[in-house]
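Just the one chain here, the form predicted on its own, laid out as structure tokens.
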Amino acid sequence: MSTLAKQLQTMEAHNSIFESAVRQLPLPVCAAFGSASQPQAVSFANSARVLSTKDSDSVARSFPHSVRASNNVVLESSGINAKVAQGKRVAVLFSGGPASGGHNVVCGIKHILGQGNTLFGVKPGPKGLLQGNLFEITDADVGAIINTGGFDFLGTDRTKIKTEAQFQQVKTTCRKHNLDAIVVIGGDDSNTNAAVLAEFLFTDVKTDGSGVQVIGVPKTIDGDLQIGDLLPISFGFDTATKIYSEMVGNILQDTRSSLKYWHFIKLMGRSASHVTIEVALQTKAAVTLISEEVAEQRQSIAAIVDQIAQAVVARSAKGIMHGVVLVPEGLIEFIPEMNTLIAELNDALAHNAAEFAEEPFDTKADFIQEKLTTDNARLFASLPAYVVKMLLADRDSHGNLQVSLIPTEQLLVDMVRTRVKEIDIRIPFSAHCHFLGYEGRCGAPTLFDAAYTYNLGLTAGSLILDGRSGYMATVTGLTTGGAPKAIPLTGLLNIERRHGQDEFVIEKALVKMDSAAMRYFSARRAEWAADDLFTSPGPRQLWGPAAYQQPISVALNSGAESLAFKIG
């Protein structure tokens, strides 16, 4: 075997030149944790900040232990913990869709727990917790996974723990493994589940009558888990948007090269357009749709199509026969007429589930259409078969329409083509469709996400060692050194309609029309539509001139003076 062949074999199993290098990348830590080489756990104390929602009274009645313990007060670090608990047995799991940086949360927890406590990994996700599928995480594991990947070390799933039988399964797992704490790394739905688990496990779980602590960690590439200055962004967002921006930048350069195609690119982000507006700010595409703006302006499908068609016509008049349209994944749910239809469809499917399941495939659409009001039935009947099919597809485990399966970008292409011909039959219009989703969820984290997630892990572990439960770890001051804090989960809960009934949920953060990011985008988009002013941000960097760049939208919304982040 040649020397090169031997070298290539050593690079298998996550040992590429790049992966081997990023494992050695030093990570900054918040000053509160002390030395970056040997961070120490911190204690927490009440701040002056109390959280509440419109449903706080109902939350207090349903989560009495958690609310009584936290009073919905935000915690802030109060110095190094001089009396770190020993003998703690902690389980960590990933929940929901993957996100880059998940491994570093695990590494941060392991490092802060130290040798006197034990960390268990749960495979895969909440399902693994129900099944009791736990294993001990070693120092060698941490060395192998740091600064790499998304959730592949443990795997993940979308099981929602909500039935009495499931709660008893969790209790059995806690008793079997003598667990003292559980860390749930996930998005808004997963952290809602963490709040429910924290209340259920608060007391009388272990044989001595004590409870099991539950701490949440904020993850979602969608960016829809934000709480103002307390949580400016969830982890994974920066990595995903930089990956998408690189690919969109490549396509923009291709359009300028081939000079004849329009590319309609759907971007992941089911319930909010944070990903889309960030990619727009990074790349300056010709047309970008923002779901929240569509909803606020009550734009119809026809109005959206005409907006795009007019851009196509205006650019063609200048000899520009190409462009890129960015489409949020969840757009269709924000179009008022479609939102009304989907809401009625959700209720109709929930209340006629048995009959719908027995209905032959060819008549399912007719069956449901008969359950709709006249206006919704008319709209439903007007949609292409490929859209109807996806509207009737199974909902996800949280009762949500799987909008990623709806080819919104293809629907827009078909309708824009027709509209352009109505305006001027001589204008050429050739289009391609793309959906950028899974490509961005699990890449090696950017330096921002790598540092952010590691410090989130240090914070989560410190909360456990400080005896806290029912909180979500957070790190604030991302441009001024970073500060570990804790957000009471019950202070975030609202009541929403899910599966045809009211449920407690953490409200998704949508793009605000008066945000600094939206104002800047609105001020520049006409120029981007009129000419090729796009930029290609290039690949994400872990060292180099762009390594310390935070998301543009986060920098704008937080009032930062530059794009640089600073932790430590």
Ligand code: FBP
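Residue numbers here begin at 1 and follow the sequence given. It should be emphasised that the depicted structure is a prediction, and the values quoted were computed from it without experimental measurement.
The form predicted in complex with the ligand exists for this protein as well; it is not shown, and the discussion that follows is about that form.
Practice task
Tell me, please, which stretch of 465 to 473, 364 to 372, 217 to 225, 285 to 293 lies within 4.5 angstroms of the ligand in the predicted complex when heavy atoms are compared?
Solution key: Partner-contacting stretch among the options: 217 to 225.
Problem - Gly96: touches the ligand in the predicted complex, heavy atom cutoff 4.5 angstroms - result: Gly96: yes, in contact with the ligand in the predicted complex.
Problem - is_contact(Asn352, the ligand) in the predicted complex, heavy atom dist at most 4.5 Å - result: No.
Exercise for the section: Find out whether any non-hydrogen atom of Tyr438 is located within 4.5 angstroms of the ligand in the predicted complex, and reply yes or no. Expected result: Result yes; Tyr438 sits at the interface with the ligand in the predicted complex.
Exercise for the section: Answer with yes or no whether Glu333 is in contact with the ligand in the predicted complex, where contact means some heavy atom within 4.5 Å. Expected result: No, no contact at 4.5 Å.
Handout entry: Listed residue that, although the ligand is not shown, lies within 4.5 Å of it in the predicted complex (heavy atoms), from Gln410, Gln310, Ser404, Ser316
Key = If I apply the 4.5 Å criterion carefully, the residue I get is Ser404.
Exercise for the section: Heavy atom within 4.5 Å of the ligand in the predicted complex: which of Lys485, Arg270, His263, Lys110 fits that? Just give me the one. Expected result: Selected residue: Arg270.
Handout entry: Heavy atom within 4.5 Å of the ligand in the predicted complex - qualifying residues of 129 to 162
Key = Just Arg158.
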